[in-house]
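The chain that follows stands alone, in the form predicted on its own, written as structure tokens.
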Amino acid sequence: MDFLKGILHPQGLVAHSELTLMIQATALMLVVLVPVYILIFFFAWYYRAGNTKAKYVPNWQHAKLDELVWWAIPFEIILVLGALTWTSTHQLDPKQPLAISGEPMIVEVVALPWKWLFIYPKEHIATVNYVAFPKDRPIQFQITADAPMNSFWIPELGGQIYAMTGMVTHLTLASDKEGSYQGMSANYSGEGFADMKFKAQSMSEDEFDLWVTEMHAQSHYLEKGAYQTLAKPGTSTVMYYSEISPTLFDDIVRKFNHAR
């Protein structure tokens, strides 16, 4: 139930907006639901066989005022709910830039069998099952898969989005607090995928720059041969690469297009 805890305790602009939308939609639906349940118990009690005060009208067919009320109120609520959902859906479009300052940072994400690969094209580094980023800065995740279709999700930062072979989906998130968050696969595709989790670390800009410097001090190079080994099905611990093949992400996407 960690994902539910994350949804109810948002740590980013997108997650806060999504939680507000869910609360507003639930409140609007309760405007209909609560009176309906109250009336169910009221009718059962008032029109019971032993209540001689209840009026029995076996041939009653229409009550225009009553029908107007019980049709008009739900209809108006549906209109409001529809308008709210329409505007919020466009405002929370995964491709939309966020209303915060700072240059967006690009992170390329590859869903592999039972593990996640994160590539930092500007920093020329990569990680497995661990992604770090500065707080209060937009993070543009560019997501694909080199495996069955999957779903990328960091519940405390925002909603999930699918990772598909031969395609690149986009998700812009941001964290407003420093901390460690649980990321996961939201699309279990068979054995091993239930354990396909990763750590998302939000830190200050200075801490992130220091982390990148420490990453470059590593001696692991993710070239095409090393990637082929990494891409085989199997779980993995957190791994770091100080250098990557500059065309790795594009090669992963294009290889499925060529197969078609």
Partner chain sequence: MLGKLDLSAFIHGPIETVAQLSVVFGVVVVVGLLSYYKAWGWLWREYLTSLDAKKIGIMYIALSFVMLARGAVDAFMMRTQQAIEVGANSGFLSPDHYAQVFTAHGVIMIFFVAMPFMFGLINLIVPLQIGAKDVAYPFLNSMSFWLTVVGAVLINLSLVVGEFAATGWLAYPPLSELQFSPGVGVDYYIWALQIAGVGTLISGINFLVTITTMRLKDMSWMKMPIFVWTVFGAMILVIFAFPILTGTLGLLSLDRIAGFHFFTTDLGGSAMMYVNLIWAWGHPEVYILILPAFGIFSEIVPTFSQKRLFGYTSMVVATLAIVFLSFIVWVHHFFTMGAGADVNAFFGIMTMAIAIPTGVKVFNWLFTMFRGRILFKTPMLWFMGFLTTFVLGGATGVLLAVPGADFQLHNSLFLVAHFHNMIIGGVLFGFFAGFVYWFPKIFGFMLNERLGVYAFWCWIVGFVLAFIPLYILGLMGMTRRLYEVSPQFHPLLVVAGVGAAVIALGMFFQVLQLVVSIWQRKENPAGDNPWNGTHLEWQTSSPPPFDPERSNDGVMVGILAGLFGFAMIWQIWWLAVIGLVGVLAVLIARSFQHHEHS
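Positions refer to the first chain, counted from 1. Quick caveat, the model's predicted, so the values are computed rather than measured. Note that the rigid core is defined as the largest set of C-alphas that superpose within 1.5 Å between two forms.
One more form of this protein should be noted, the form predicted together with its partner chain, which is absent from this view; the next part is about it.
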Mark A226 yes when one of its heavy atoms lies within 4.5 Å of a heavy atom of its partner chain in the predicted complex, and no otherwise.
no
Closest heavy atom of T213 to its partner chain in the predicted complex, within 4.5 Å or not?
no
Proximity of T52 to its partner chain in the predicted complex, heavy atoms at 4.5 Å
yes
Though only this chain appears here, would D93 touch its partner chain in the predicted complex if you measure heavy atom gaps against 4.5 Å?
yes
Please determine, with the chain shown alone, which of 101-109, 121-129, 149-157, 136-144 has non-hydrogen atoms within 4.5 Å of its partner chain in the predicted complex.
149-157
What are the residues of 26-63, in order along the chain, with a heavy atom within 4.5 Å of its partner chain in the predicted complex?
T26, M29, V32, L33, V36, Y37, L39, I40, F41, F43, A44, Y47, R48, A49, N51, T52, A54, K55, Y56, V57, P58, N59, W60, Q61, H62, A63
When the rigid core is used for the superposition, does I38 move between this form and the one not shown (threshold: C-alpha shift of 2 Å or more)?
no
